[in-house]
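Read the single chain below, which is given as structure tokens and is the form predicted on its own.
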Amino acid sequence: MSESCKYKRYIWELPVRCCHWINVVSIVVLSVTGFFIGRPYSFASSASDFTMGWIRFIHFTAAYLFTVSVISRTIWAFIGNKYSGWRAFFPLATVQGREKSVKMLRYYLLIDKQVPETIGHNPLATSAYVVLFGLYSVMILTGFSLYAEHAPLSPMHRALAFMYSLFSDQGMRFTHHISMWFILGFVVNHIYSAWLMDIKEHGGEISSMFSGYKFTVKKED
């Protein structure tokens, strides 16, 4: 179908787009500062310059921002439109979702040449997002558990007491570190997939995360 026959549709609401870009910035900042925290290196000329202190402060600030964003996105999954709703993240629960997933899998396996049009999230991508949010939860819990160790009697430390029974201190650090690499691996795949779908569908996949609008062949979903 020609480009003139495509319909402009509002898919991604403002809270979804805001959470997406907050997560992007937060993950970049947390990854960079996390490397320095894991292997400290001071750029300062003296101890009074407090270089690592500032790096830790930036890391913790980004962690709070990231946590608020993840919680906000989770809440929006219950009050937002159908494209951002929690049902979209479990496509295998319905017959239609399973059919769409099979079609998309056939395309990814190079069995079919024509990419199936997806209005909202790719059905296979949404399944991956469930795993991703699981990794987010692990990062948040292990990160704040490590952070709370500086004040053993604090409310945060007591609230996260179950984490200290599940992990040793070194195990918690390793889990926090390896989860970051899994998230970065997802980021690489996510960028490539968005770029691929943008080229194949001509629906404005990437620009939709700025404007909220996509161009689709179908007038109604």
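Don't overthink the numbering: it's just position in the shown sequence, from 1. Model, not experiment: these values are computed from the prediction.
Note that the form predicted together with a small molecule isn't included here; everything after this is about it.
Site residues 63, 144 and 180 are all in contact with the small molecule in the predicted complex, judged by any heavy atom within 4.5 Å. Looking at residue 164, you'd find every heavy atom of it more than 4.5 angstroms from the small molecule in the predicted complex. Although the partner is absent here, residue 91 lies well away from the small molecule in the predicted complex, with no heavy atom inside 4.5 Å. At the 4.5 Å threshold, heavy atoms of residue 18 stay clear of the small molecule in the predicted complex, well away from it. In the predicted complex, none of the heavy atoms of residue 51 sits within 4.5 Å of a heavy atom of the small molecule.
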